[in-house]
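First, one chain by itself: the form predicted alone, in structure tokens.
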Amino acid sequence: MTKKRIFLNAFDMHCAGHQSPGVWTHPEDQSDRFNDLSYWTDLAKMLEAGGFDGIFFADVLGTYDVYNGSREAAVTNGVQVPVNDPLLAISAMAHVTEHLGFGVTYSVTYEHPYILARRLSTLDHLTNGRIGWNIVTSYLDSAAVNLGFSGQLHHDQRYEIAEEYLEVCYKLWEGSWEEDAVVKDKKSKVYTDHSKVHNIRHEGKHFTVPGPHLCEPSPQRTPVLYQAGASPRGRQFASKHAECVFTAGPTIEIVKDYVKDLRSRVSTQGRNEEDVRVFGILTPIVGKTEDEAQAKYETIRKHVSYEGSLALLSGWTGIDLSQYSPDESLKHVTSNAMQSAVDIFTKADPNRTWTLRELAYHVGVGGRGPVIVGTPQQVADEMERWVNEADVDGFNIPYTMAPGSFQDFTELVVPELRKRGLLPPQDARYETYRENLFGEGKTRLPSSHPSHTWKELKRRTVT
């Protein structure tokens, strides 16, 4: 028996194909409409009506050019390129919905915290408190060189920058403006009580920000904080800062070990384990019958680009997979890219050795997570099993075909989950993203979160 409700995010990206290289060629796929605003507003309405808590936007700032030392395979096959800024459609998507949350990926390595803090506060205002931030440190050398670096910074150095970056953001969001600073007193002609707006006076190794924040406190003040760190350094960072952690692994055993370690680290940080939601990735291919679902899967698999999948996986791992033959086994190599992506397929499961061909077609359908093919009942059974055995709280659900995969899930699987009591009734929703994830009245970060160190900033700084 599942012990808790299941939280659902759609997992998407402003590109064609996202996690399924080549499947944009399927005649029913519409992901190549990502430049069309109506595509995103229609999707937002579908997801909200279908019971999703949010939509989680991935993003990259470079092209996948590790495979064969070139971006050719990625560009030719549409592997997360062309790709648009995920932030810019959110206001329109929020306008056509009331409760759907929006998790957006932004890198601390390349975006100045003073600017990003304002951008996210603005969106939190415009969406009435429905913004989340997926904190990433980036992993592509192609992004680094196009943003003025000679190459990607070392993996752990990127997390060192991230720690200070979050400190700056917390000071801006939580400590710069007092709750009642804005008075809008027309009679006395005072819009804001200047004595309640404070400089943050941050002088650190990587950033100097005198302050104050440019925005008044938004509904959530700090957006919902997502993080997907799976390396030891990434787990340390996530256990300290994240409210929602996104993890990926092809088996329950791999994810279970990760979740157990993460929750232990959260407790060590002095935080309540219930203040962190863990989202696994799971790709459902669902049909009204097993035969229908299997037929969908086989058709999708035929459209997977072998070379495109290897270009994507090479970018994730930092390993040029063009040097391997299709039936050769992938071996562990230490890289400066996404270390967890290497570990998942080489070290995490001692009972499984992946050939390159197996990896390409697995990644081409399900990314780094499991693919579940079956009826609504079978998909719901497997989701329950992951919640019970891996101890995840919910799932980031990617598409294989857009928007058809999301439509199948909302029409077929969601009613089954509701029947089992694993999703709340459609009308049992709150206004802010954080409330939908943690409960009524929990619009702000809890007192155990490290951001509260800076809530009393006004007592330690000069206005």
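Keep in mind that what you see is a predicted model, and the values were worked out from it rather than measured. Start at 1 with the first residue shown and count on from there.
Omitted here: the form predicted together with another copy of the chain. The next part is about that form.
This chain appears without its partner; in the predicted complex, the one residue of 384, 328, 85, 275 with a heavy atom within 4.5 Å of another copy of the chain is 85. Contact with another copy of the chain in the predicted complex, defined as a heavy atom within 4.5 Å, holds for exactly one of 390, 135, 81, 371, namely 81. Using a 4.5 angstroms threshold between heavy atoms, residue 353 stays clear of another copy of the chain in the predicted complex. Under a 4.5 angstroms non-hydrogen atom cutoff, another copy of the chain in the predicted complex has residue 60 among its neighbouring residues. Although the partner is absent here, residue 119 sits close enough that one of its heavy atoms falls within 4.5 Å of another copy of the chain in the predicted complex. In the predicted complex, another copy of the chain sits within 4.5 Å of a heavy atom belonging to residue 95. Site residues 41, 123 and 212 are all in contact with another copy of the chain in the predicted complex, judged by any heavy atom within 4.5 Å. Stretch 204-212 is the answer when you ask which of 234-242, 152-160, 204-212, 221-229 has residues with heavy atoms within 4.5 Å of another copy of the chain in the predicted complex. With contact defined as any non-hydrogen atom lying within 4.5 angstroms of another copy of the chain in the predicted complex, 177 is the only contacting residue in 155-183.
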